[in-house]
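Just the one chain here, laid out as structure tokens, in the form predicted on its own.
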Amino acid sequence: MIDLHSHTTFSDGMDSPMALVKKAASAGITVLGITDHDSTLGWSQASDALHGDLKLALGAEVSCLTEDKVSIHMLGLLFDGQDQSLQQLLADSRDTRIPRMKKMIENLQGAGLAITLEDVEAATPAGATVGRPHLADALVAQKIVKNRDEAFTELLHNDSPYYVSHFAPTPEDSIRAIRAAGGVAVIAHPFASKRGETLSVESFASLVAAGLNGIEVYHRDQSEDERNQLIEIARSLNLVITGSSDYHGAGKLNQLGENTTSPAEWERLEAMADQRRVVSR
């Protein structure tokens, strides 16, 4: 099974890189994508934990904003982790997360919800890139909501009055940076209407022009109709079709391997990188 989208404690996942690798091996995953938000800090620990036949497709999930301020996530895989331009892009995105978090907390406090930055910091693992899932965990700890899913459904989705956007590159700039670093770019869950505003069909033309390699079609937050529409788009534009769990650990319903990428599509995608960077034991 090939699962190209997962998160560790170096962003908003619940499992350390070592624990995630062990879980993936036990679940029968053959290729696992490590794609923390705007960070490659978990790569080393994940690679050191490899055993058996499991292979790693190291990458990052880059936070992007379209010109119309629609939040988009771009999976970058198999790129050179030492590429300074891409690392600077990731760092710039991380640096804006604390001011954004403070504003979201202020918005929640204004609605009478008892949550503080200290609560969020306590819910954020050491070294992690702070994000909405950590705010969700703090809301759970304060018994304001029952779990992460409820936090996002009720309070933290993109159309929520408490939501605040942050600095992020455009999807096109992100794609160009990933490709310049030798990697491949796959747009994550672009039609996930459960998350709020989604990408338009017309937007794919500029993404392809920038070098987009694939579309994450099989994802739990996309309906069957949305998946079918994305398949048509991918085929018409000759883009790779992927499927992934977007696994975060016990805090979300997503399970490793619940959606996967076919070996043939993975072979196509891997061949588009400038060199072979899959990590194996």
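What you see is a predicted model; the values in this text were computed from it and never measured. Start at 1 with the first residue shown and count on from there.
Below: the form predicted together with adenosine monophosphate (AMP), not depicted.
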property: is_contact(P171, adenosine monophosphate (AMP)) in the predicted complex, heavy atom dist at most 4.5 Å; result: no
property: is_contact(G214, adenosine monophosphate (AMP)) in the predicted complex, heavy atom dist at most 4.5 Å; result: no
property: Adenosine monophosphate (AMP) contact at R97 in the predicted complex, heavy atom, 4.5 Å; result: yes
property: Contact test in the predicted complex: D149 vs adenosine monophosphate (AMP), heavy atoms, 4.5 Å; result: yes
property: Candidate spot H73, G131 and H248, all three touching adenosine monophosphate (AMP) in the predicted complex (heavy atom, 4.5 Å); result: yes
property: Stretch in contact in the predicted complex with adenosine monophosphate (AMP), which is absent here, among 206 to 214, 79 to 87, 131 to 139, 106 to 114 (heavy atoms within 4.5 Å); result: 131 to 139
property: Within 4.5 Å of adenosine monophosphate (AMP) in the predicted complex: residues from 20 to 39 (heavy atom criterion); result: H37
